[in-house]
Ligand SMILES: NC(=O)c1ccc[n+]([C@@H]2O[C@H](COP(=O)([O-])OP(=O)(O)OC[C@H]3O[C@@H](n4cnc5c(N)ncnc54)[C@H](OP(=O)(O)O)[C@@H]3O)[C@@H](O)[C@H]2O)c1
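Listed next as structure tokens is one chain, alone, in the form predicted alone.
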């Protein structure tokens, strides 16, 4: 059976499941069922991709060939357990988590793997799948090849990544995405309190991201900590007296940058 002829069930219609389901459908794949505990969410995605919406795990049938578990990490084990009772242990079953070992679902399925799109997803924001790295792993070479073939329809950036490598990638991703976005939020909060438009900072944010396309991030580091500008750092710390939480964060990051500079 060709990969294009395989039916797929999406378990989870949150940020990852929503965009993954739409992309698979756009690339011509048949999505059989969409599960979400919230039937409205399941219906929203299922309607867009011509699938059957369900909101009970025991409603998942064995009619699909590939089952993609795209739920929160804490729910993967439970979903796998219930799913195994509905579809048996021979179907291809993968999860999309960056931090969860594939071994979590190994006791339920013979043909298990990981299908991890390394990107930040929000339902409201369109994403460019051409730029999304897919990290693939599986128990057997046959399942791995199937997943690699599937991923190559979705993106040209496909990698064979082991459990350990993926978990390391996830740690690094938290730094460059989650922590960075939190710093945007801190800057936004400071400016809002002073009634200054955050849009003024957006060109700086975009240019910072653009510079590392072809350069090492460490080589692109600028700012008072990099320069050893203690006068400016003291001024900033004084201003942040009224934001002790942000002051502590500023001090920690300044010390980290200074240590990197000293290497």
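Just so it is clear, the model here is predicted, and its values are computed rather than measured. Positions refer to the first chain, counted from 1.
Just so you know, the form predicted together with the named molecule exists too; it's not on screen, but the next bit is about it.
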Looking at 72-80, 85-93, 154-162, 185-193, which lies within 4.5 angstroms of the named molecule in the model of the complex, counting heavy atoms?
-> 72-80
State the residue from 59, 38, 214, 63 whose non-hydrogen atoms include one within 4.5 Å of the named molecule in the model of the complex.
-> 38
Taking heavy atoms only, is residue 12 within 4.5 angstroms of the named molecule in the model of the complex?
-> yes
Find out whether any non-hydrogen atom of residue 97 is located within 4.5 angstroms of the named molecule in the model of the complex, and reply yes or no.
-> yes
Is residue 112 close enough to the named molecule in the model of the complex to count, meaning some heavy atom within 4.5 Å?
-> no
Close approach of residue 101 to the named molecule in the model of the complex, 4.5 Å, heavy atom = no
Would the named molecule in the model of the complex be within 4.5 angstroms of a non-hydrogen atom of every residue among 29, 33 and 49?
-> no
Heavy atom within 4.5 Å of the named molecule in the model of the complex - qualifying residues of 235-254 = none
